[in-house]
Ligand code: HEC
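Below, in structure tokens: the form predicted alone, a single chain.
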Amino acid sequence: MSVRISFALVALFAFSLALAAAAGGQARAGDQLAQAKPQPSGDAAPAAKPAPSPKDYGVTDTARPSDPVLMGGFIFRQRCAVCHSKKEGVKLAYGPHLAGIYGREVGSTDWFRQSSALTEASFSWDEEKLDDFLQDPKKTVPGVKTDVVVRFKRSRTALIAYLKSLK
């Protein structure tokens, strides 16, 4: 019976130590939080540091350019330049150059990997055909190799304006 009492006393003592340690830890944490809070000094509120602006990082235009050719150039670099060159004579492994594409007969470049779907098609690239092709290339020219789709009309319009500017 004495073993049971001594075990109960040890357990009670251990529990009281744990409870005291937890209470002391909370008090210390509360003290640290109270010390960490800045105390207002006088009547003036501390001035907030202004958020950095894009100009601080060298960005001059954060909105979309109002000029569709500039926006189209951005879209071209983002979506098309991996496969297509904007200059004639530059051969890339994936697509023909797009210089002078507006008004050109489809499949008329001397690109060495020309798709038979493009060479067999018979139309010239105008705004309507470019818009259709950029929206769904495989529907406009069945059998074409490209999978790049420009979903938004505003982006297609800007890209077509840029393609028209390439000479």
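Residue indices: 1-based, along the sequence shown. It should be emphasised that the depicted structure is a prediction, and the values quoted were computed from it without experimental measurement.
The following text describes the form predicted together with this ligand, which does not appear among the structures shown.
A residue is said to contact a partner when one of its heavy atoms sits within 4.5 Å of a partner heavy atom; residue 82 meets this definition for this ligand in the predicted complex.
Although the partner is absent here, residue 158 lies well away from this ligand in the predicted complex, with no heavy atom inside 4.5 Å. Though the partner is left out of this view, residue 107 does reach within 4.5 Å of this ligand in the predicted complex, counting heavy atoms only. The closest non-hydrogen atom of residue 95 lies within 4.5 Å of this ligand in the predicted complex. In the predicted complex, 118, 125, 130, 133, 134 are the residues of 116-142 with at least one heavy atom within 4.5 Å of this ligand, listed from first to last.
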